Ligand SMILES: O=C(CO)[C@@H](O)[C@H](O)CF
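Okay, here we've got a single chain as structure tokens, the form predicted on its own, with questions on binding and movement later.
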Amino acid sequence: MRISDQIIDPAGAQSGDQLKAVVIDGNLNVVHQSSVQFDSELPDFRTQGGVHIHTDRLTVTSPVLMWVQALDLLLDKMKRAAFDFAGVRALSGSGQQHGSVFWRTGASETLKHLDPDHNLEQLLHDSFSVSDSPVWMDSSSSKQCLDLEAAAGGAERLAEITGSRGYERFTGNQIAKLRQTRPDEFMDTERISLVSSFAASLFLGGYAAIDYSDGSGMNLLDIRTRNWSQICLEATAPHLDQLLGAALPSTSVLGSISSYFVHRFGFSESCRVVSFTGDNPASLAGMRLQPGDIAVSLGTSDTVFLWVQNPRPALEGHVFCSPVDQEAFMALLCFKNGSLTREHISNECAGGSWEVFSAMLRETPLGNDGNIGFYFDTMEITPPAVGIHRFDSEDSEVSSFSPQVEVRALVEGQFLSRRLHAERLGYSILPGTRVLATGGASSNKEILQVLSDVFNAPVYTIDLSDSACLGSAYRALHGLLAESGVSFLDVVKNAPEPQRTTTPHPSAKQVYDGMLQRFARLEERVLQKPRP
């Protein structure tokens, strides 16, 4: 049994520069991989990192036909490699979250009658009312965000309904902007897809439903009822429910693959198309998070993924419907000051030596003798603060720490912040909680020891380079079995396990539970300071 996964954006929300396919067999082993790099293999579109950054530096788009042409090229590569398309039983995928595709009036008929003697790019050349799609990097819809928050009754109320306050990149605000600034193109639109449901539509030969999980990254879906919010729809555009179609569970089997792919590539007529989702939800599936787990990606920015049962949406972070469990939610937090800030302090305090940096962490006590620091080289997302702020054990602000105290204050402060803001979104540490660590800093055992101590949970390392791809393949397999009541975690129970690297110190809970309360109070003091 083979499950094929076609995916628009394999590397998580920070990347939209390639199309990638991963194929797994019934034992969850990867048996084939192929990819297409947008910039180098499709140079005619003149993208950088898969996008066009416009002269205002706020508007960021990607050419829809580049994605279509990339799929042509990817499948041709697989065909030339003698890949056995007939053995594929189901496929799913993911696309970069928050991107949108606007189908021109008449495109549904084109999708239904694709001629297998021609490639998709030729057949769909005139099928889009907007040729360059808004993507996750776009920040040009600030006015529309404020309008939507006002219509919903304020930013907190919008977050309560949709899981997030108004964000410029979120699709609802992009739709409102298009309707207001380019009304002719909006009027020529018969369907609006997310990047994920757009890709599914190509395989389906008809418009694919938006799934609950990716749909909850739009500022339009009520995350508790799993229906479009009438308040948000009416504030965004007229008749928007018809343009979006009904949202469906992320485990839904949408139908059989289009005859176009059967005749052109040799797929089986019985190959099933399972709902596609966003790259972040697909990564959660690829990491196989369980209730109570937390995943921390330690990169240029630090990103925290959470499995949450009882969410508390807030003005910071995002709550999405879970892609693998209809009763659960996933939360996502992004912290801009991650590895670059750690590198800056390493250069200042340890001469740029990570060995010295690690030794300083080993040689300083848990809790750092009560010293706490906040390190924001650039304006932080969570919380919205900037600058370096140091406090001694009496909560008095001080101008400097010794190098050893500075290093521990940085690392403890970063992880206390991750825990504090995760708990504010409804996360709670359970007896079986695991912390899954990935990203460049996850190779440093002393940094992971502090992470383990602050969360009072063992830390496991996991390779996330293909987590969205693998997650989509796992979801394809689950889609075939979900109607029979099999859980996602049962489907993936034989996948390779992450490796445990550290366990918390026996005194960690006592030290950090109290320290977290102090940290929260001091963070409020930092936030009340006038910004430079």
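Just so we're on the same page, rigid core means the largest C-alpha set that superposes within 1.5 Å between forms. Each residue number is its position in the shown sequence, starting from 1. Here the structure is a predicted model, which is why all the values come from computation and not from measurement.
Beyond the structure shown, there is the form predicted together with this ligand, which is absent from this document and is the topic of what follows.
Taking the pose of this ligand in the predicted complex and superimposing the nearby C-alphas onto this chain, the site is blocked, with at least three ligand atoms within 2.4 Å of backbone or C-beta atoms. Just one listed stretch, out of 76-84, 308-316, 330-338, 393-401, contacts this ligand in the predicted complex at the 4.5 Å heavy atom level, and that stretch is 330-338. Mapping the unseen interface onto this chain, T433 falls outside it, with no heavy atom inside 4.5 Å of this ligand in the predicted complex. For S213, no non-hydrogen atom is located within 4.5 Å of this ligand in the predicted complex, even though that partner is not displayed. Although the partner is absent here, N173 lies well away from this ligand in the predicted complex, with no heavy atom inside 4.5 Å. In the predicted complex, this ligand sits beyond 4.5 Å of every heavy atom of S250. Note on the partner interface in the predicted complex: the residue among F102, W136, F374, F415 having a heavy atom within 4.5 angstroms of this ligand is W136.
Residue-level contacts in the predicted complex: of S452, S141, T303, T236, one residue has a heavy atom within 4.5 Å of this ligand, and it is T303.
Interface residues of 155-176, taken as those with a heavy atom within 4.5 Å of this ligand in the predicted complex (partner not displayed), are limited to R169. With a cut-off of 2 Å and the rigid core superposed, S108 has a Cα displacement that falls short of the cut-off between the shown form and the other one. Once both forms are overlaid on the rigid core, the distance between the two CA positions of T303 between the shown form and the other one is 2 angstroms or more. Core-superposed comparison between the shown form and the other one: CA of E380 displaced by 2 Å or more.
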